[in-house]
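Only one chain comes next, encoded as structure tokens, the form predicted on its own.
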């Protein structure tokens, strides 16, 4: 495709959401200028080699704020305890959200309210770590519909989970939530991001999250993607870690048409710990793409990455995990693993774990395996009385168990098991 054609496609998507954003500031205006110069990525771009997005320009997307009341109990984590902010088609719904009393100094609100009552904090955080070098990130930054604004002061522990619940409801809808989270020194919080849909429809979700993790802070983020088969979702996270901080993310992708997760973690202080876990389950003609990047910039840090895929029927997946170890990042320990099981002859996976190391005193490793269920193990289990399907389920559960066990939130684990049971007839309990 020529650059001119790609530009026309980019402009189609841009026009679909023009003037739909919830507010405008210097960062959104700058992103809008950048957007005018960016193209849709195509197969010649290495990062998009196996993921096609040109079809997104073929639909006339529209913003769909709605006032309908929905039953969201199915999607809530810790229904009685969690602070839940609900976004329908990308727009904040205060009537569906539930917020509890928070520790002194904590601000948890939607992006529009933050722009009105906390503009100085918003300006300081918005766009701080985002690099709008791709059309989708710039599109979101130029026209954010809404999102969570969470500010946690130094030395504050937020006991209750904070959940961002996203739902899409209408045909040909585009949703663009943008979340800004700042966690102060020695503070702690647990986050849950849930993506679902009320009606089966053709929709496009373009979400961005920015997280600043302060010195000695602890942040855990459980992300569950279980949208219908017609939903295309591009999800981008930027994480900035200061010294002695711990960040852990669990990405569970169970449904959707095309799902692209781009995770960028910048390790900027000594003695940081970073944990990335992922489970992606494909069926039909789903396409699931996980791109991760951990950038070790300073010495004495640790990162561990474990992504696993279960691909059935004609589904496809991409894994590209990249670890940078800068010249000054001596004594870095970085480990990366990607494992995949193909449950049918038509399923496929493209896996590319990468290490780029410029320091000489490090311990780093990466590995990738893709194959079918172990026939000897299946035979062994069946010889001991298990049926074929029960034996398969047992091996699948064993394969995925270490990723699921990394989810501390029991309610989230229960949701994952429920979706796996409903869609695949698997139970990992």
Partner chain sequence: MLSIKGLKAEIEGKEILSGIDLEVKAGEIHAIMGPNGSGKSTLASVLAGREEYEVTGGSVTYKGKDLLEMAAEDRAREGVFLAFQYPVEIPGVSNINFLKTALNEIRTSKGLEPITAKDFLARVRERSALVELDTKLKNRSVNEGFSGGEKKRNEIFQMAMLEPSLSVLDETDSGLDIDALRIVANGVNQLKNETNATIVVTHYQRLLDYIIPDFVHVLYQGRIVRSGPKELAMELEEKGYDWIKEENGETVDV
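Numbering follows the first chain given and starts at 1. None of the values given here were measured: they were computed from a predicted structure.
One more form of this protein, predicted together with its partner chain, exists but is not displayed; see below.
Within 4.5 Å of its partner chain in the model of the complex, a heavy atom is found for not a single one of 108, 153 and 159. Contact check for residue 44: every heavy atom lies farther than 4.5 Å from its partner chain in the model of the complex. Residue contact check for residue 367: none of its heavy atoms lie within 4.5 Å of its partner chain in the model of the complex. Contact annotation: residue 360 falls outside 4.5 Å of its partner chain in the model of the complex, judged by heavy atom distances. In the model of the complex, at least one heavy atom of residue 379 sits within 4.5 Å of a heavy atom of its partner chain. A heavy atom within 4.5 Å of its partner chain in the model of the complex is found for exactly one of 38, 403, 395, 53: 395. For the stretch 382 to 396, the set of residues having any non-hydrogen atom within 4.5 angstroms of its partner chain in the model of the complex comprises 382, 383, 384, 385, 386, 387, 388, 390, 393, 394, 395, in sequence order.
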